[in-house]
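This document starts with one chain, in the form predicted on its own, laid out as structure tokens.
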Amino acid sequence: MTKVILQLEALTCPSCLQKIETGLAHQEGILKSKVLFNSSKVKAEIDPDKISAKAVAQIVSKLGYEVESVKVKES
């Protein structure tokens, strides 16, 4: 398991949070994800054999949100 933290440009509304969480929920290899509205971060636990941190960032970008940085923590 690998932990990924994406720093996003400021989120403007709670529906942004729901859109991102829903968009990530059905992706193969994403075990768990949570959006922190106040800090504009996405925290995800992924299976690195099925999806990369870069791919998670691309999914969030395709949903319409700018990813400012990506941090990866191997477990």
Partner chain sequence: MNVQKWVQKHNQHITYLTGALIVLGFLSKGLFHWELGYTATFIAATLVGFLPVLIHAWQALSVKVISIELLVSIAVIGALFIGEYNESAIVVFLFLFGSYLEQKTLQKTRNSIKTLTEMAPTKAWVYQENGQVQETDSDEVNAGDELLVKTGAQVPVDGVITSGHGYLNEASVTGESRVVDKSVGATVFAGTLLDNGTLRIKATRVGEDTTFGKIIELIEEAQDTKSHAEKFIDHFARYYTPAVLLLGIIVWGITQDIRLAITILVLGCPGALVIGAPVSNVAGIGNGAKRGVLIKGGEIMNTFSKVDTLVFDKTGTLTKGQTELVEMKAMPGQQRGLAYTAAIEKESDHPLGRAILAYAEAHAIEYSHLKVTQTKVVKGKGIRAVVENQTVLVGNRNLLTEAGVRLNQEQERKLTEMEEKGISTVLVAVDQQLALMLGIADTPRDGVKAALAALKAMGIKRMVMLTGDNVRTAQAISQQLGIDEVHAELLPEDKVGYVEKLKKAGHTVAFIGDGVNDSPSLASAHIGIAMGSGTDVAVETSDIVLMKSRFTELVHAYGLTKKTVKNMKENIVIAIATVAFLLIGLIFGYIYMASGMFVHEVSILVVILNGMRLLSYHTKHAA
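It should be emphasised that the depicted structure is a prediction, and the values quoted were computed from it without experimental measurement. Residue numbers count along the first chain shown, from 1.
Although not depicted, the form predicted in complex with the partner chain is the subject of the following passage.
Trainee: With a 4.5 Å heavy atom cut-off, would you call residue 32 a contact of the partner chain in the model of the complex?
Mentor: No, residue 32 is distant from the partner.
Trainee: Indicate whether the partner chain has at least one heavy atom within 4.5 Å of a heavy atom of residue 43 in the model of the complex.
Mentor: Yes, contact at 4.5 Å.
Trainee: Give a yes/no on whether residue 54 approaches the partner chain to within 4.5 Å in the model of the complex, heavy atoms considered.
Mentor: The answer is no: residue 54 has no heavy atom within 4.5 Å of the partner chain.
Trainee: Would you give me the residues of 35 to 59 that have any heavy atom within 4.5 Å of the partner chain in the model of the complex, in order from first to last?
Mentor: Read in sequence order, the residues that approach the partner chain (within 4.5 Å, in the model of the complex) are 36, 37, 38, 39, 40, 41, 43.
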